[in-house]
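The chain that follows stands alone, in the form predicted on its own, written as structure tokens.
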């Protein structure tokens, strides 16, 4: 088996080894640094991260419960291929939760909240110059998390993160410079609707923004057929 090199891997602090290993591996799967179909082993990851096998085994189990890792007895684990149905389910559930958060946020949003959203947009604009799409992606996530916090239901973002995971692999496959520019434009339109206190327009804009993954899905399947379930 070829050695798996993950740039984000580093030795975690002993107190939170299992959680940190999970977060690192999860990020590598979502960003396709660990691509669909790749085989990985507990021994290999444990050696690279300078930890025992137990926290790696725990992380593997958590990834398997999310549907990202196929764990097989006496064989290397394998990063699962992308399921079209899992992506569509994720879009549906994320939209349902986040649109409801937006509705609640619109009832109590303040000028300071709008300023915070505007500040995030400015950072996104600067991040377009960064060659690493993960920088922009993090700010993208932060904007949506802010909306959940403004709604008074910050825990909703935790639920959204759990549900949207299968969307994210598609999103990373589409995060070209051109797409990031489009995402910033969509975010800007959303914040402008929020600033105008136009709840109807804001909801329509958010729904359109979140459904872009569904519109991209067929094209991505054709471009990366080996990444998808047959």
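Since the model is a prediction, treat every value here as computed from it, not as a measurement. Positions refer to the first chain, counted from 1. Only the largest set of C-alpha atoms that superpose within 1.5 Å between the two forms is called the rigid core.
Not on display, but discussed next: the form predicted in complex with the DNA.
Participant: Taking heavy atoms only, is residue 16 within 4.5 angstroms of the DNA in the predicted complex?
Facilitator: Yes.
Participant: Under a 4.5 Å heavy atom criterion, is residue 72 part of the interface with the DNA in the predicted complex?
Facilitator: Taking the distances in the predicted complex, the answer for residue 72 is yes, it comes within 4.5 Å of the DNA.
Participant: Hey, in the predicted complex, does residue 51 get a heavy atom within 4.5 angstroms of the DNA?
Facilitator: Yes.
Participant: Check whether residue 189 has any heavy atom within 4.5 Å of a heavy atom of the DNA in the predicted complex, and answer yes or no.
Facilitator: Contact with the DNA, no.
Participant: Taking the DNA in the predicted complex as the reference, which of 197, 177, 39, 65 has a non-hydrogen atom within 4.5 Å?
Facilitator: When the DNA is considered in the predicted complex, the option within 4.5 Å is 39.
Participant: Of the options 99, 109, 127, 76, which one has a non-hydrogen atom that comes within 4.5 Å of the DNA in the predicted complex?
Facilitator: The residue in contact is 76.
Participant: Looking at 76-84, 150-158, 90-98, 136-144, which lies within 4.5 angstroms of the DNA in the predicted complex, counting heavy atoms?
Facilitator: Going by heavy atoms within 4.5 Å, the stretch is 76-84.
Participant: On a rigid core superposition, would residue 205 pass a 2 Å threshold for CA movement between the shown form and the other one?
Facilitator: No.
Participant: Core aligned, does the CA of residue 110 move at least 2 Å between the shown form and the other one?
Facilitator: Comparing the forms between the shown form and the other one, which are aligned on their rigid core, residue 110 does not shift its C-alpha by 2 Å or more.
Participant: If we fit on the core, is the Cα of residue 79 displaced 2 Å or more between the shown form and the other one?
Facilitator: Yes; that C-alpha moves by at least 2 Å between the shown form and the other one.
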